[in-house]
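In structure tokens, one chain follows: the form predicted on its own.
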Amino acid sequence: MVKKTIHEINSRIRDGSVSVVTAEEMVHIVGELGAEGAAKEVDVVTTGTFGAMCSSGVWLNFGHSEPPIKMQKVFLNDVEAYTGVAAVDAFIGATQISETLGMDYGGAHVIEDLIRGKSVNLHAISHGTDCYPRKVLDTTLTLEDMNQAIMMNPRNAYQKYNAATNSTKSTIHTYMGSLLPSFGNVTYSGAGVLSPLSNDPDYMTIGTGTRIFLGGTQGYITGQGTQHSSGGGFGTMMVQGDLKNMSPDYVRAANFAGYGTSLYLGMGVPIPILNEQIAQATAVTDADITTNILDYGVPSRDRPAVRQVTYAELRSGSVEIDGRDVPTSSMSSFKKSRMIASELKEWIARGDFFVSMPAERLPKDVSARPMKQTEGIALVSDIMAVSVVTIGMGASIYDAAKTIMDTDFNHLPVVDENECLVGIITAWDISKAVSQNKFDLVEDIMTRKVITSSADERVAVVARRMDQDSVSAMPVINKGRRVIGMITSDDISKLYARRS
């Protein structure tokens, strides 16, 4: 039975005799020598991952101004940073978007600009106090001008991540990228065989205090990440590192169309091979790691799983869904992940990086819970109007105008001879037709592509769809396309007003 200590491995790092390999290389070594033989042969296995990590940000200390100010609000290049702490400390989050540029620029861009040596504009405001009399401050700073810039990320490097697809008839834009309609593509994230936590799934060497590669410099794990859910194989890490020593090669801002900004971050964790059990764990392959493809077309936290796949299947370029090959693409960079594992290996081999045991291991077999919501989840059926007036597609525009005048509805669902929805006509459509001396039939001017809702949909989801499609009302239909109600933006506003 093989048994080593951290002290022994660090002694070998110090004298240059350490044996260090990447997680990819370890797969073959364990295959040839077995776990016991590999544990004798190898001292450290390096891992790596490079992907979008939204739960990232940096604590900044600007130093005191003259006269001093207690910052209540701080903006860096028009991106707001959190200031609910001491006078001149602020936390810039990666996904906070610009006040002026919106989703085109965010906290991640501020972080990358600082690392690249660029100056950023700081604007701060305060109510003013006797000890901090200044109320407004504007200046320009670089990273070197700040006392500290500590990257402190509450949740990074998921052990594995669900893949994403889309069953709807429209493209949707998510943090998993743009998902094409009708299962047109699958996106996924994670480094598979190189994933740090997948190479030590029992967290025998990973926990608070573990020294790691973070953004091109040495950093530390500071504990379990938020939403750590190791019971389901979705462990995460909270990490910390000095931004001043990081490299733009491993810290990159990104924009996701229709979603916002994020930070691509490189991270690597060395796994000291203390025994054959750890050696066996580091022989994990892409084929050993499974995940679910979830349907992001369902706007719910409980998205249905389309199927289960391995990372080997995902990395092959396509997976089968409903009998056809669907292309896959990674949201992470395996090339960069491989570079990180190799660079960490070189650091250790050169004696520039020593491994450490955690003061406390990450917790096992825990699960993240969903949010407790004290207000009931409002459904369309709760607020829709059920006394809906419809009009036949063969009716005249005069009939439609008279119907609108005789009722309180500005929108008339248009139905066919079977009472099925085929269009919608509004007071605006009628006014426009009359102004153009058009007195034809309803079917000649109705909108045929109708945005609809179902009674069991959540109001928040329908409100989002109204906003996206720029409509103020939706017919509510059943499975047979019969109109059973109408929901309007006014109904939704009244609901939210009652709750505020």
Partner chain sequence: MKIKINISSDILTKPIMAEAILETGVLLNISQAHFDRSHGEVVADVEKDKFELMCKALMDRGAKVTKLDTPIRWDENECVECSACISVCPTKVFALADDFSLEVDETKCIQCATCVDMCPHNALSLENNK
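Numbering follows the first chain given and starts at 1. What you are looking at is a predicted structure, and each value in this text was computed from that prediction instead of being measured.
Heads up, the form predicted in complex with its partner chain isn't pictured, but that's what we're talking about next.
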Exercise. Can you pick the stretch from 69-77, 181-189, 362-370, 424-432 whose heavy atoms fall within 4.5 Å of its partner chain in the model of the complex?
Worked result: 181-189
For this session: Flag R307 as yes or no: does it have a non-hydrogen atom within 4.5 angstroms of any non-hydrogen atom of its partner chain in the model of the complex?
Result: no
Exercise. So in the model of the complex, does G351 come within 4.5 Å of its partner chain, heavy atom to heavy atom?
Worked result: no
Exercise. Can any non-hydrogen atom of L274 be found within 4.5 angstroms of its partner chain in the model of the complex?
Worked result: no
Exercise. If you check in the model of the complex, is I391 within 4.5 Å of its partner chain, heavy atoms only?
Worked result: no
For this session: Kindly confirm or deny that K169, N418 and R482 each have some heavy atom within 4.5 angstroms of its partner chain in the model of the complex.
Result: no
For this session: Would you kindly say which of T208, Q227, S329, N121 lies with a heavy atom within 4.5 Å of its partner chain in the model of the complex?
Result: S329
Problem set entry | in the model of the complex, the one of H411, R134, R252, R155 near its partner chain [non-hydrogen atom within 4.5 angstroms] | R252
Problem set entry | Any residue of 334-363 that, in the model of the complex, places a heavy atom within 4.5 Å of its partner chain | F334, K335, K336, R338
